[in-house]
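Only one chain is included here, represented as structure tokens and corresponding to the form predicted on its own.
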């Protein structure tokens, strides 16, 4: 495998394999999970892990293994949807402001500075508590927080490209701003966009899990990992597997995402500023 991808670090290749496994579970899990994730009393409450229930059961007798498997699709769908929307809008805004510069750039950047200064978790709690909890609103809220952060990074990458000769020649040919952004600028900042998407995906998993833990994510009995940790924490002494299983699921997704992002950034010649949130 290393011979196929000689420039990738071993840690990134292993992380990529784990991410592929997560994707396969999300796509096929409902086909082979032994029980329905919402069916109660498929076993005795707080039953220990066994051949019948690989990760035991929770306080309602639901199979924890089945809930973790079904939760994979929920977590990935919400996280990737929010990240994709946020990166798409943020990258577009960053390209426009980086190319236009001038007063438009100054105005948009000051608005972005204000938006970034707002604590995301606090504002998310206020928004969702006011408008109600739903998966769609959660996705839109996370995407909203990502737009200014991605826009600022992509704008910086665009400013490094916009003064190059090939952009000047495109302007001299009379190409439209959209054509220049699409054909000249985007191919030269796509590495930054891809790295941002990977970074934000990991943050989205943690953020959405935190919202679920606080009770502002998908409503019960949805098998969302953060919600599962919250529901099982009261019984952590009696049935620790009900908390450990979804927590390990989150960790096994976020850590490989970070390692894979680091490897991808090295391959594309990008820096990975992990201090950005």
Partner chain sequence: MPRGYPERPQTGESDQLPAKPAVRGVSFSISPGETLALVGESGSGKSTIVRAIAGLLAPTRGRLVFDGQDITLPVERRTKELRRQIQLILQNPDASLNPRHRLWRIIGRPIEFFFRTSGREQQRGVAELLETVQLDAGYMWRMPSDLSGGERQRVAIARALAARPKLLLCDEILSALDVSVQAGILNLLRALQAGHGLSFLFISHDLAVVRSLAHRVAVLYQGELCEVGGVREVFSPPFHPYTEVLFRAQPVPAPGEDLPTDVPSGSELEGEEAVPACPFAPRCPRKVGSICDRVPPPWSTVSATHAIRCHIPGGELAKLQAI
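Positions refer to the first chain, counted from 1. Here the structure is a predicted model, which means the values were calculated and not measured.
What follows is about the form predicted in complex with the partner chain, which we do not show.
Problem set entry | in the predicted complex, the residue from 132, 187, 102, 119 that sits within 4.5 Å of the partner chain by heavy atoms | None of the other options qualify; the answer is 187.
Problem set entry | Among the candidates 114, 172, 136, 107, the residue which, in the predicted complex, approaches the partner chain to within 4.5 Å (heavy atoms) | The residue from 114, 172, 136, 107 that makes the contact is 172.
Exercise. Should residue 166 be classed as touching the partner chain in the predicted complex when contacts are defined as heavy atoms within 4.5 Å?
Worked result: Yes, residue 166 is a contact residue.
Exercise. Do residue 183 and the partner chain come within 4.5 Å of each other in the predicted complex, heavy atoms counted?
Worked result: Within the cut-off, so yes.
Exercise. Okay, which stretch from 173-181, 151-159, 197-205, 79-87 lines the partner chain in the predicted complex, with non-hydrogen atoms inside 4.5 Å?
Worked result: Within 4.5 Å of the partner lies stretch 173-181.
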